[in-house]
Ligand SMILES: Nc1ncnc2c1ncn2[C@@H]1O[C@H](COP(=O)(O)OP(=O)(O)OP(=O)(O)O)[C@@H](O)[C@H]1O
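Okay, so here's just one chain, in structure tokens, the form predicted on its own.
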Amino acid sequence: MPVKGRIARISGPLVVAEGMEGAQMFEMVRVGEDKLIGEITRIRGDRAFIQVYESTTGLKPGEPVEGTGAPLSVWLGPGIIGTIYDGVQRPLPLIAEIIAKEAPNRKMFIERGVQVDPIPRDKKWHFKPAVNGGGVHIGDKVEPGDVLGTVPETSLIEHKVMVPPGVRGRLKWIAQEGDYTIEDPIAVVEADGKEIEVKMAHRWPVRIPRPYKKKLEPTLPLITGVRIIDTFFPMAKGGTGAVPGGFGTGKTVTLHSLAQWSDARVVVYIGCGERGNEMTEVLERFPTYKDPWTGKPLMERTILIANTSNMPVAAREASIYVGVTLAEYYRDMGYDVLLVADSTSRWAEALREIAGRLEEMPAEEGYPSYLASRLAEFYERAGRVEALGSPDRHGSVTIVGAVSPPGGDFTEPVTSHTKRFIRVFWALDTKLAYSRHYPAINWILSYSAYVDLVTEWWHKNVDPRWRKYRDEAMEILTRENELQDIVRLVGTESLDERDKLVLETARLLKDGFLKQNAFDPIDAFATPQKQFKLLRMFIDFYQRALELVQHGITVAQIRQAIGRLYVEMVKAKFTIPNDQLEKIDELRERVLKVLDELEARSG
């Protein structure tokens, strides 16, 4: 029997209900006459403290509270890709349709208590059983994760229908190829004398990570097309990263680039507590984008979760768990999934507000003492894994969270705790942003712990000299940063020629490699091959020019000799497309030839 109680007290998103004997922690409940979605976060005697995921305006003490007997869960099955959800997996377009029908002339707002199925129950999907392809057979023993068949969810994603976790036994029956809804059984498994119907969809609690066989080393890079990320601070598939930065530094544009251009098969974009106009831009733009790898609409591999700052604050706290659970589901099918959360600072603020309503003892800057453990729980759900069941599948969940530290202060609690649990740190710099250097990733403050792990991939698939060139470029940029203090004090003229060359090459790298226009049709995405060829051109110029400097030729003479070629090198990122990379090699040869001629004249 479901637990039934009454509202005793209301404090913002927090509702205290009495008469809740038998209720369980994290149980999902229906609150009030409108049956609002809530979750029990604390129990004292017969009183349950409930965080409500919808607006509590209009609720009154005495209204009923009814338990569901199950934790907050999401529906997993075909129909998730391409959908726009709120923080608790309610499809926003369908809610908008319902409200528009009920009140066509009224200004559109999401109303409380609207209940819509997360995935369509009446839509038929074309199911193709794996039994015909030599996968499973009638009478076989099946276990969680075994693929029973496939459904073409979109033109980009083949949805694998798997045995749900917790179900194991002998396959007694499997449906023939045909069209079925998620309500129709597609297999029957016999276990301990009982017959269990398996359908295309099942529920999973969002706060419990989905199981897998084993975790693998993240050795494959997530190619994003952003040069400073892929070359200098690479992200691995199954890795964790953060994009911290003050207001106006380009966090949202960076996350857009990752979601749009990365080679992940599935993208989950969580707008967690950001301004409504920013999320509106995402919702309007993403359906118009094309997937750069296939040319198909980007929404055919994307799930959007919109939970803006004017939506109920408690739902913000749930949204990242909903998002990572959906990501794990597609990981289990063997896909590489990228989850971007914008931003985890707003999520932490939701934790702080709920903790304040619960009258918990505050820690740093008012955040709850368990902020670090909650961040750890979230980021630890990333990883590259060997999935349960057969056939063998390797999938990954890569998590990148934006952090919005007030005033760009990286020592504040959310940023400092996040750094403990991530392995890639792309620090956005206000000074770079104000000087129109985008992406404004500071190459001195940023780091990646995956450089060693992905080196083998770059050497095998791009060029065996990648690490050598990458490290030399980082040395030049680091040395240039050290020289800036001297230049401010005594000027450039007091430096020796080698250091002047370092400054000149660093300027080339910053203008021609690190800067990247996210809105330029050619420069927005650079293949790994183009990234390497550009980097090689700049470093080969530096090495050859260094030889000339050692023979007494000044940097001013070198700069004068290459003349317009300098501008051509800087503009190569705009003028040379990814499919005409031989032009970069030709430009590099022309530059080296000019330097050879300069040495011959001087000698």
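Quick note: we count residues from 1 along the sequence shown, nothing fancier. Computed from a predicted model, the values in this text were never measured in an experiment.
The following text describes the form predicted together with the ligand, which does not appear among the structures shown.
What is the one choice in 275, 431, 420, 124 with a heavy atom within 4.5 Å of the ligand in the predicted complex?
Going through each option in turn, the one that passes is 275.
Using heavy atoms only and a 4.5 Å cut-off, determine which of 389, 78, 250, 149 is in contact with the ligand in the predicted complex.
Result of the distance check: 250.
If contact means a heavy atom within 4.5 Å, which one of 320 to 328, 361 to 369, 434 to 442, 84 to 92 is the stretch that engages the ligand in the predicted complex?
Answer to the contact question: 434 to 442.
Would residue 310 show up as a contact with the ligand in the predicted complex if we use heavy atoms at 4.5 Å?
Output for residue 310 is no: heavy atoms all beyond 4.5 Å of the ligand.
According to a 4.5 angstroms non-hydrogen atom cut-off, is residue 209 in contact with the ligand in the predicted complex?
No, residue 209 stays farther than 4.5 Å from the ligand in the predicted complex.
Is there a non-hydrogen atom of residue 246 within 4.5 angstroms of a non-hydrogen atom of the ligand in the predicted complex?
Yes.
Are any of the heavy atoms in residue 518 no more than 4.5 Å from a heavy atom of the ligand in the predicted complex?
Yes - in the predicted complex, heavy atoms of residue 518 and the ligand come within 4.5 Å of each other.
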